[in-house]
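Next up: a single chain in structure tokens, the form predicted on its own.
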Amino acid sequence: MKAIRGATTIEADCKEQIKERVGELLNKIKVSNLLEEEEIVCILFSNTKDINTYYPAKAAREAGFFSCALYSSLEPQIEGSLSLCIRVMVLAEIERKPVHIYLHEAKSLRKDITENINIALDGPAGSGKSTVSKIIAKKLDILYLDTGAMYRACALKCLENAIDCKDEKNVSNIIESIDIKVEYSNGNQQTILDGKDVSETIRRPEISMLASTVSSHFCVRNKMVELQRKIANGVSCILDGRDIGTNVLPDARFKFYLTASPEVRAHRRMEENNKKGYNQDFETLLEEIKKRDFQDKNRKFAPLRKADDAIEIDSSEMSIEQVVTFIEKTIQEKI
């Protein structure tokens, strides 16, 4: 059994508006949670003391919710609490994750689920951005948009067509017709290039440096940023990359800059690659990390840098769990 929570407000204590708002709230909960009538076990209401003309439970019955137990109670008077508010808890025999619904002024009670929250996480290669972003996305139940995967797909497109990633003119020609889609399955992002799932292919080590090179071109970044902004505009999500807080989402509510020493990042990347079967020695990876840092920080368009309003996190001596806890706590304090 799962508990589905919700709340709404009325503008005046009158029977007709209570009936209207209660019906609206319950029907929204039913539709959003794909509830069948027989799955609803009980509906519990509470309302603030300034609502006296009609019981929310009676309004629920008139809205067609009469095959389950209904109960209304009066909330204690709390100074500074939201006025003319009706809260509800629907107990349902379901296993799927509940979708909680807050309407009208009651949206202020749960800004974490009623507002579109964008989180920008920037930083150099190997700082742990992707790992942290995936965990944060899962904890906050928002989407994770792996922007680096999109640039890797552009690099793969060039590689497959024998295009030198440094040749901006030829890169521009091929980018004009590139078909990149981002799809989600079981909470994981799938990068689709020209109709083919390349999520694993783009993780090959040789694609990494090519992605850094190809992403330095304005034509590439312009096309990818357009797609990233479109996705972020429609849904709460966390984006990681090099210029999210400075260029892609300059107005993001939450911005972080995750970094670590080159040596620490090289060691992490070596362990990661070894697990995937890509064997590279430490010194080679360290040089690649330093080279990519220089390349990313010195590219002409949207270089890697910390946004002025971003919170910097040096994870050199921090675990992934500690970084996640810090970010999660910071976000929760501001919501």
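In this text, residue numbers run from 1 along the sequence as written. Every value quoted in this text rests on a predicted model; they were computed, and no experiment measured them.
The same protein has a further form, the form predicted in complex with a small molecule, not shown here; the description that follows concerns it.
- Residues with any non-hydrogen atom within 4.5 angstroms of the small molecule in the model of the complex fall in just one of 295-303, 277-285, 44-52, 25-33: 295-303.
- Taking the partner from elsewhere, Arg152 is found to have a heavy atom lying within 4.5 Å of the small molecule in the model of the complex.
- Taking the partner from the other structure, the small molecule in the model of the complex has a heavy atom within 4.5 Å of a heavy atom of Arg221.
- The small molecule is not drawn, but in the model of the complex it has a heavy atom within 4.5 Å of Arg242.
- Contact annotation: Leu258 falls outside 4.5 Å of the small molecule in the model of the complex, judged by heavy atom distances.
- For the candidate spot formed by Thr147, Ala211 and Ser215, every residue has a non-hydrogen atom within 4.5 angstroms of the small molecule in the model of the complex.
- Contact annotation: of the candidates Lys166, Arg253, His104, Arg203, the single residue with a non-hydrogen atom within 4.5 angstroms of the small molecule in the model of the complex is Arg203.
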